[in-house]
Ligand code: 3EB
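Starting off, we have a lone chain in the form predicted on its own, written out as structure tokens.
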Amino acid sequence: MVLGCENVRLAERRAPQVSYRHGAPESVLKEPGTLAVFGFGTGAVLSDDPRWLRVDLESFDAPATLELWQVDGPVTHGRVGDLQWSAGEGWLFAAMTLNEEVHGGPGNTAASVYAQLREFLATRHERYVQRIWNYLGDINRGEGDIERYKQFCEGRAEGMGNFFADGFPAATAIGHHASEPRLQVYVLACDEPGVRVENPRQVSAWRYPRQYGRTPPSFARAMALPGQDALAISGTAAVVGHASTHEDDLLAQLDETLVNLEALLANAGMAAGFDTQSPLKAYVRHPTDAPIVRDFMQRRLPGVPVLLLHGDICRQELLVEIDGWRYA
């Protein structure tokens, strides 16, 4: 069953096209309709262009791949304080990177980021958030309620307030290994709402029991973007119900993750499988596992573009997580 606050059918609306590319960022940024470009890890260049974001996750690809978002029309861009943004054809990219040492740890930093994003989006026509990515350092450090991921969840809820009262967007939260304790958050928003999609094999994240923290994670499993031509898939792992499965078994976790991805496609009314136009990201906890994950993805999803990144999953027992896009 597809869940949504409105029944949106916008045949003329086209989702941003997401692709992976090798090349110089400055060249890609000059292409028509470029909404955002992402580089990964310390080897990525620095740029003042608000459409460029160097993500604090190292890539296992050599040379490192760029991620490109493009829309069918002109793009404007700018900065508001610590926030960078670009917009075109009813779509908006916005991002913030804050240092936790300045803002007081993961909870306070998340509260600040989300409050500023909320205030900015309230001024925009493109205020309907479809998808969010969250990258923070040492995501699993700490025990019980002081685990950094749980502190992040509390701060996120404080900062967003009632902004997502109609339902949460799709999202990913991954731990990075950068030397500075930064929190990076970026969003894709639109001037029309999307349709939320849940996974019947999993408990909705906001209904998780108390063992996962005082404030449960706040995201939908996927979002069917306005126009219904693309599905933005949240970070997906080997979770059934609300419990992690196949502890310490990487291949079994990958198998379970693919089952969950197919369940999402089915619940969104999409045909099974991924193709060459459906880019995915695989976040791998242990660098030594990266060749195994790459081989698995090539065998099970031949031809599908997969960006392999070094990242810690929000639960210590999980070894891999996959998110991405599926175009109709």
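Note that residue numbering begins at 1 and tracks the sequence as displayed. From a predicted model like this one, the values you see are computed outputs, not experimental measurements.
This next part talks about the form predicted in complex with 3-(2-carboxyethyl)benzoic acid, which is not shown.
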Quick check on this chain: which one of Ala232, Val75, Ala173, Cys190 has a heavy atom within 4.5 Å of 3-(2-carboxyethyl)benzoic acid in the predicted bound form? Ala173
So 3-(2-carboxyethyl)benzoic acid isn't shown here. In the predicted bound form, which residue out of Leu309, Val306, Ala15, Cys314 has a non-hydrogen atom within 4.5 Å of it? Cys314
Taking the shortest heavy atom distance, is Pro217 within 4.5 Å of 3-(2-carboxyethyl)benzoic acid in the predicted bound form? yes
Contact label in the predicted bound form: Val129 to 3-(2-carboxyethyl)benzoic acid, heavy atom within 4.5 Å: no
Does 3-(2-carboxyethyl)benzoic acid get within 4.5 angstroms of any non-hydrogen atom of Met96 in the predicted bound form? no
Do Arg156 and 3-(2-carboxyethyl)benzoic acid share at least one heavy atom pair within 4.5 Å in the predicted bound form? yes
Can all three of Asn134, Val239 and Glu321 be found with a heavy atom no more than 4.5 Å from 3-(2-carboxyethyl)benzoic acid in the predicted bound form? yes
Among the candidate stretches 118-126, 102-110, 80-88, 165-173, which one is within 4.5 Å of 3-(2-carboxyethyl)benzoic acid in the predicted bound form when only heavy atoms are counted? 165-173
Within 4.5 Å of 3-(2-carboxyethyl)benzoic acid in the predicted bound form: residues from 72-98 (heavy atom criterion): none
